[in-house]
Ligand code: ADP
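Only one chain is included here, represented as structure tokens and corresponding to the form predicted alone.
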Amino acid sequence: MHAERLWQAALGQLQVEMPKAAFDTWVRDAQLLAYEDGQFIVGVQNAFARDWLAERLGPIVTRVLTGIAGRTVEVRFVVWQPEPSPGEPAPAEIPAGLQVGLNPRYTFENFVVGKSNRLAQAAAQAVVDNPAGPYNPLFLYGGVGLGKTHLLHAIAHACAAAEQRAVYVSAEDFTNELIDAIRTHSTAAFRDRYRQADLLLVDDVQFIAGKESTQEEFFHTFNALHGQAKQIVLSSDRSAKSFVTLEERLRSRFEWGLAADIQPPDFETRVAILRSKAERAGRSVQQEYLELIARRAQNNIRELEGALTRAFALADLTGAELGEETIEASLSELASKSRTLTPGKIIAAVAQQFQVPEAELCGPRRTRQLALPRQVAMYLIREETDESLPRIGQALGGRDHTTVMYGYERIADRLETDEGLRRQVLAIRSSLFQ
């Protein structure tokens, strides 16, 4: 198989396996430069990216390529900058305030707005237009793969273009840097890096919960920046009120400004996201195939884009048309996640989410309190397993298959319009696949 096609297929697989932010930041723009004696030589834009990929992703990339090629291969990352073609303008200079690690594709222009994320997008734009205004801090929260990191990067890009010093960091990296600073007696330099920022953006801030030293340092950093009228933007997978092991003084500060949640995208937004991705890739995809992916990949944007990328790679590798067969094959990765799920596990997760006893879900009672979670269980078992309608009914207390089909269809319809229910179903799916 041609080396370039192997590489493109590996990119499609990596996009499905990796967190969206990590893939888009470190892997998407990597270029296959050569294939020599079983070794893939991959070019990246700078030494920082080269070292990061070699240390953290090298074994994963090697495993994926070996699996696709059917033989043992090696991967070597090198620093490489493409030469501009004759008549092509040289790449624009990066704004001085923009640090390495921001994804150039994560801009406001590339963010697809729907009713599930409209408030968060408007608040992010307001922060750019009026930094350190009424939305300070801006606290964005929602499930994985819904666009929080995209909005943080978009804010950083816009502020850096306005010659403001934007510092973006994940809470995990913030913690690791603090540990290194303590170990090397360089805490003063660590504090200067963050407290001299015009704009501080901290992703996945839930990771500082339970870490006393990190919370202490972040508390003082927050106070220093806020006291100097500097903008702070935070993202989390849950609301500030939901932090159990977060100090009260930090939780209260997270609630000073505006908290905006990002909900799972509805069907129309999912289709729009897929269409936008296809257009950016210069590919023409029929509407019916975009809708097929949108119906099957409901959890988050990462699954949506990963499925479409895999479809492109499969079509290129086999020389086939981008049709229903290729789309179904690209969605097989989503199906494979469900093979270890059983009706019992799903019922337990639903019971925990709705705070009802498992025995009641499977029992004979037909109360309003039990009707919705029972139908959600029917929907999820049918979506995430290969169980037949009669077997689903049996798992839920011996109900007949017509009852199961009615429950499934009712939830499927409500998920397109009921944002609260979509959020609950996403939470259940997230707990099942963690």
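It should be emphasised that the depicted structure is a prediction, and the values quoted were computed from it without experimental measurement. Residue numbers run from 1 along the displayed sequence.
Not on display, but discussed next: the form predicted in complex with the ligand.
K.L.:
Check residue 225 for me: does it contact the ligand in the model of the complex (non-hydrogen atoms, 4.5 angstroms)?
P.N.:
So residue 225 does not count as contacting the ligand.
K.L.:
Within a 4.5 Å heavy atom cut-off, is residue 105 in contact with the ligand in the model of the complex?
P.N.:
The answer is yes: residue 105 has a heavy atom within 4.5 Å of the ligand.
K.L.:
How about residue 348: is it within 4.5 Å of the ligand in the model of the complex, going by heavy atoms?
P.N.:
No - in the model of the complex, heavy atoms of residue 348 and the ligand never come within 4.5 Å of each other.
K.L.:
Is residue 157 close enough to touch the ligand in the model of the complex, meaning at least one heavy atom pair within 4.5 Å?
P.N.:
Taking the distances in the model of the complex, the answer for residue 157 is no, it never comes within 4.5 Å of the ligand.
K.L.:
Report the residue, out of 149, 330, 221, 231, that has at least one non-hydrogen atom within 4.5 angstroms of the ligand in the model of the complex.
P.N.:
Comparing distances to the ligand in the model of the complex, the residue within 4.5 Å is 149.
K.L.:
Heavy atom within 4.5 Å of the ligand in the model of the complex: which of 164, 215, 326, 110?
P.N.:
After the contact test, the surviving option is 110.
K.L.:
Which is the contacting stretch out of 141-149, 190-198, 282-290, 350-358, given heavy atoms within 4.5 Å of the ligand in the model of the complex?
P.N.:
Of the options, only 141-149 has residues within 4.5 Å of the partner.
K.L.:
Enumerate the residues of 267-285 that have a non-hydrogen atom within 4.5 Å of the ligand in the model of the complex, in sequence order, or give none.
P.N.:
Just 273.
K.L.:
Have a look at residue 410 and residue 143: in the model of the complex, are their Cα atoms closer together or farther apart than in this form, given the change is 3 Å or more?
P.N.:
Compared with the form shown here, the C-alpha atoms of residue 410 and residue 143 sit closer together in the model of the complex, by 3 Å or more.
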